[in-house]
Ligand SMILES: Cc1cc2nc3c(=O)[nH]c(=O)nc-3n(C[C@H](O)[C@H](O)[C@H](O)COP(=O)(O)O)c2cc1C
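In structure tokens, the next block holds one chain alone, the form predicted alone.
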């Protein structure tokens, strides 16, 4: 499983850095893979309100946000960490939040389902320098709607008042323990899922469809990966089109190698799509071959047949 941390503070190794690092370290200790994104050090332009995402479903601004979208979609847990700036997040983090309008548009304007949205969690970590009663109200509301756009349920927050001096949060009587306990609470159930790897040659059609359907139907019980023995550069556009017909959003996915997928942990089961000797061999791992023909280069009707076959097989899987 994958935990994404969004570090919103421009201060290096400040109080929110300590909180987020504590959460991620505990998640890694439990067995999760983590990534901290230092938002203040990324080139993320503010939203230009051009309307392209609402019309076309993508953001035309070519900057680091294009690398953030796939991370948000891949994450099982998104942790947002920020100090309070005028009762809200930092400007750098707010730019990322505003640019997530693309995800909101795909969900609510284009009516597409992100397969991970049923199972993804969002959590907020924040500190503020004052003791105001409503100090975190604005941020909490922003976080709620950001997580909704990112396809994550808002699982609450840990917030701390009157924290300002560098490193001061480490002296708080309960903060670091609170964060560790919350990491255990959120991460442990997801780590207990069965891990399945779907493989085909290019990881551009069959294995991507299988992983999306499995994530959509059984993501609470199965952790899904997909890979290819000779991964393509991009997903097959016909595959994306026929999945849209089912309401499934395949945006921001990229083909990856079997070696890359193996880096996320040993699967308990491998299901190949008919790639024969190119499929990986993991000693002691159960393997199935669905022997599906490669739809690459075929008609859209052929792609639909493969899609429907894969969906039916996923529905019949015994967990």
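Residue numbers count along the first chain shown, from 1. Since this is a predicted model, take the numbers as computed values, not measurements.
Beyond what is shown, the protein has a form predicted together with the ligand; the following relates to that form.
Shown alone, this chain has one stretch from 115-123, 171-179, 129-137, 206-214 that lies within 4.5 Å of the ligand in the predicted bound form by heavy atoms: 129-137.
With respect to the ligand in the predicted bound form, the three residues 236, 295 and 302 uniformly fall beyond 4.5 angstroms at the level of their nearest heavy atom. Although the partner is absent here, residue 108 lies well away from the ligand in the predicted bound form, with no heavy atom inside 4.5 Å. At a distance threshold of 4.5 angstroms between non-hydrogen atoms, residue 87 is in contact with the ligand in the predicted bound form.
None of the heavy atoms of residue 22 is located within 4.5 Å of the ligand in the predicted bound form. At least one heavy atom of residue 164 is located within 4.5 Å of the ligand in the predicted bound form.
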